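Following this are structure 1 and structure 2, which are two forms of one protein chain, each written alone as structure tokens.
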Structure 1
């Protein structure tokens, strides 16, 4: 039996899921997932790694379907509920899924699949009661395919085994001291490792409760906080920014009450994108918590984290998680000295098995057994600091390697700037020049004279040459700025 399922068998009466104003125990989750598994098997003894795509709102049904796919021996392929049909079709076609498991609210969205492909439709509304035995699933089997954001071409399917997922969970449960009395609010997309592994799977592994809010709503989030049931919270920087904006508008007595409750939380985490220091400091004022920043990717789950116990330094991502090996190397794959930028490379049982159907891309992703992240960092004073992604956040201009994240952090300190994104755009003379997209607090205001303002804050070669004012930055569903889109905007100017 899979360890995650085996753990749940020891928590029968405990509360596992809160969603849609209902409470569900581990017993109910095990029963529902077994029913879904038997439906998928439909008389077969084992799905033998058949790909099963599924789409459901975050909540009990999502988890029961996911577990049902795993317990039947299938590979779970979660579909993003915010994606258009073309993106869903791409994933189903790329994985050659044999079935799509769906809830009624997504019937119209996915119905074209059944004319475009020969594929089995499994509706949650029409699940019969079946009897039978479930297969024994080895941990080295493929378990899940999650798709990358596709910033360097078509999205690739990242294949993880049950063993990979268990390693990712164990490292976080150990490092962040998860326990069965924890109660976490999950507001993140469930086609992404942050929501699936860091929150949902860690909670259920530990016998804790995972509560769902299907749609981001600051008012609802604060209402849930005020119930004093939640003691962990994880989100992306954009969400913290929006929660801060909402908190600023609250009456003073509610602000005080909310802050008092937030101070009693056990842990608050930020990830999936660089956390602006200004956001960290403001949330610290509100909650009393220094947000724990960590580093990970779809291909490896989490690999580096600030300590649960100990100092968390703004701008730093901490140390390797339990069971994970990290090295920093230069272009020649040589280890770099402390304080020198290098590419993060990772080795460990948490690292994915392969890119689905892309043997060449899989081979190119590794060197001597180390996964090449493409992210650049330095090791300084006992902690890693991210400088950016090699392809979009490290700007090569006039012989310098410049961190876009560093420039963004300085720009955000300007009183007129709400947010910004910095990229490099091709230039015949300099290789690349620095360009900054600016989101102003007041959309009716003209761009301030940032060139002069930056002169005593950055060396000249780090000051942007081009500026663009936007109402908002282009982002993916996780709130991460899509820098390729920004670069395209500047090239079209």
Structure 2
């Protein structure tokens, strides 16, 4: 039996999930996920790694469906509830999903799938046609596919096995001392590792409680904090920035009350993007906590972390997590001396299996068994510090990884656009803001309303926030667009 499920069997009556003002025990989660597994199996003995796309609000149903897919032997493919149909269709098509499991509120969003593909629709209300045994699942089986942007146009599906996910969970549970009395608030999207592995799966592995808030809302978050039930919190730097801005506007008396409660938390973590030292310091003043900053990636879960016990250095990401091997190398794949920048490369049971259906990309992602992250860091005084990335075409905004090339490809389809260049511009709140330079076919025309035009083509967080019309893009002697010049241009606007 999968370890996560086996653990849950030992927690029975404990509170597993709080969502929609309801409490759910581990027993309820096991029962509901077994029912969903039988519905999916529909008389078969094993789904044998069939891809099952699913869409549900963050909460009990999401988890019961995810576990149901795993218990039936399928590969769970979470769809993002905020994505436009075009992005959902891409994931379903790329994974050749056999079925889509949905809750009622997403019926309209996904219904075009049933005319675009031959795909089975499974609604939450479906009743299994028969009882039966659930298959035995080996932990080296594929478990999940999460989509991530890269330097090559369209997002790639990152495949992790149950073993990979278990390794990712175990290293965090040990390092951050998760225990069954923990109660965490999950406000992150559930189509990425931060929300799925670091928060949800670590909590359920440990017999702790995971409480969901369906949508990011600072007012609601502080209201929940004031109930004094939550003792753990994890988020991206943009969220801490937004919480600080909200806290600043609170009446003095509520500020004091909130700060008192936050001080009693066991742990507060930041990750998915660089945490500005100014945000760390302001949050320290408010909560009394030095945020624990850690570093990870969809392809490997978490790899490097500041210590739970011991000094957390602002601006640094810490040391390798248990079981994870790290090396820093130069362009010739030679290890760099301490204090010299190099690319972070990773080895360990936490590292993903493959990019779905992309054997060449998988092969190119590794060198001598080391996964090449594309992130540049130095090792200084016993800790790693991120310096940047080796590609300007990867943007991090609000904690989301975004490919400039993917956005450019979509923009070039606009009939008025001759060419374009997309870059990320540093921003205190968002990490980076997406900016697009546009060359129009007719230079005398005004820039069209691209933000609106992009709405049904890209997720909201991939839509550029700044636009500039140019006669031509800055280029080097080879004719290649010089993105660094483009970034400079936007910064000077």
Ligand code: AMP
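What you see is a predicted model, and the numbers here were worked out from it, not measured in a lab. Take the two forms, find the largest set of C-alpha atoms that superpose within 1.5 Å, and that set is the rigid core. Numbering follows the first chain given and starts at 1.
- Comparing the two isolated copies of the chain, the first one is the form predicted on its own.
- When the chain is split into two rigid parts to describe its motion between structures 1 and 2, residue 398 and residue 415 fall into the same part.
- Here the chain moves as two rigid blocks between structures 1 and 2; the smaller block's rotation against the larger, from C-alpha superpositions, is 145°.
- Lined up on the core, residue 486 has its CA atom moved by 7.9 Å between structures 1 and 2.
- When the core is overlaid, the C-alpha of residue 475 ends up 25.3 Å from its other position between structures 1 and 2.
- Once the core is aligned between structures 1 and 2, the alpha carbon position of residue 125 differs by 2.6 Å; this is the C-alpha shift at that site.
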